[in-house]
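What follows is a single chain, given as structure tokens, in the form predicted alone.
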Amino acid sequence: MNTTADIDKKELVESDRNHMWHHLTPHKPLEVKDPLVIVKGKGLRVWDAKGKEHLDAVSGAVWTVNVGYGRESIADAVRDQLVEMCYFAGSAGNIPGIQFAERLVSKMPGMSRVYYSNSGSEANEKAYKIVRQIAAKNGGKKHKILYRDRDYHGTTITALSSSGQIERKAQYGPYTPGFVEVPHCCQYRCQYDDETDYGVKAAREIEKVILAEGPDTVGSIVLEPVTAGGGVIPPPEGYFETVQEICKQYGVLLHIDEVVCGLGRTGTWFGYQHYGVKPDIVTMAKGVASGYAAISCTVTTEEVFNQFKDSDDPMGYFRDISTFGGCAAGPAAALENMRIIEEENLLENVTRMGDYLLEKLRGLQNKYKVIGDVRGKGLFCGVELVMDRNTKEPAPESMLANIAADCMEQGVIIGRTNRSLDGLNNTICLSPALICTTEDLDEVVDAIDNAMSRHAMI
């Protein structure tokens, strides 16, 4: 393989234009505009094929590179493991897989079993299959899965069936039956005349859906601890506590999707741990190995696992496989990733830097009338833009596109809601690596400030 230094960058860009099919990218503009090609990363910085340096404020554009770029110890762990034993189907164990499973559940009181696959979408698919098989083993009726408006759970047809983002779903139906939407819990977009006890009210809307569908038909509910691509929405006070109560009352399994929040993004190992809930199923992917290897996990309680141990039923075990869930590189990278988070005290850094970032963003809110709301948890923050603070009319998606493009020109990569929510793609999304400093965050906020002064004056 050629090193970065050996490659002709102009030829590389042209080859990209001619042969690559990029994710989430309109390609018509690339006929006249060069595609972005990232060739190097270190810490929070990446360099493109033209040699330009960028500060990455979204951890790989999709909230993944939690411990930063260029971690030689993770690369070494993966290399050594691949030489020793690269792969065997997940019907057998391997050393890093066993070790990481034990380490992982030690951070998740009440959870005990880890099922490996290779993406967040796949991890959620496994969870849905678990729910459906439990229903089948008990008469088949309790098979419905609830999901929340504005949440996102993956890109496959069934994962999209469980996602509350209408523009992400457009043109890909028909969808898997048996998935039912419940209302969002964004207090800034309150559905009621009175915001008092909003969290409890929003949770009780879930109960109304359960009762309307029939409690004997609802098997689980899947929720992000903090709604991610739907606008970075932390749950309001009392929400998850009430959700837990409702799930227990009606025998509904609580599935928490930690694909974005998992392994430190919010300042605890998992986002749900801020809210005192005890889930039945937890899924995770992005931050598990910080993007150094493909890995996802579907983690369950022993009670859930035990429902697949009926020796009298030849079809009673979990008849599922993930080919690359058997690759030993993922858990090898995950073990070293977890060690780094622990030894560098990154959970504490997330809390400190998250508070600092929110304070800086609220400073911008005081400066620009277009900023309607600033919200977040840890190093996961959202800035919602509106044309009028009184009516909360959403800013157009084009305004956010211009702000993001301006920041890119300044050498800072930010995120935004993008063709996900009809009329509500108006939130800037920030999720810098857990290693960030105040200097890094100052640079990010200064770039947003500069961009807003040019594109968001109202």
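Just so it is clear, the model here is predicted, and its values are computed rather than measured. Numbers for residues come from their place in the sequence shown, where the first is 1.
We do not show the form predicted together with a small molecule, though everything after this point is about it.
Engineer: Test of understanding: in the model of the complex, would residue 266 fall inside 4.5 Å of the small molecule by heavy atoms?
Structural biologist: No - in the model of the complex, heavy atoms of residue 266 and the small molecule never come within 4.5 Å of each other.
Engineer: Can you check whether residue 260 is within 4.5 Å of the small molecule in the model of the complex, heavy atom basis?
Structural biologist: Yes.
Engineer: Counting only non-hydrogen atoms and a 4.5 angstroms cut-off, does residue 244 reach the small molecule in the model of the complex?
Structural biologist: Looking in the model of the complex, residue contacts with the small molecule do not include residue 244, since no heavy atom lies within 4.5 Å.
Engineer: Please run the contact check for residue 354 against the small molecule in the model of the complex: heavy atoms, 4.5 angstroms, yes or no?
Structural biologist: Contact check for residue 354: no, nothing within 4.5 Å of the small molecule in the model of the complex.
Engineer: Just to confirm, with a 4.5 Å cut-off on non-hydrogen atoms, which of 152, 115, 100, 272 contacts the small molecule in the model of the complex?
Structural biologist: Contact check passes for 152.
Engineer: Of the options 81, 121, 220, 300, which one has a non-hydrogen atom that comes within 4.5 Å of the small molecule in the model of the complex?
Structural biologist: For this set of options, the contacting one is 121.
Engineer: Taking 63, 224 and 286 as a possible spot, do all three reach the small molecule in the model of the complex with a heavy atom inside 4.5 Å?
Structural biologist: Yes, the whole trio is in contact, each within 4.5 Å by some heavy atom.
Engineer: Counting only heavy atoms and a 4.5 Å cutoff, which of 211-219, 153-161, 235-243, 73-81 contacts the small molecule in the model of the complex?
Structural biologist: Partner-contacting stretch among the options: 153-161.
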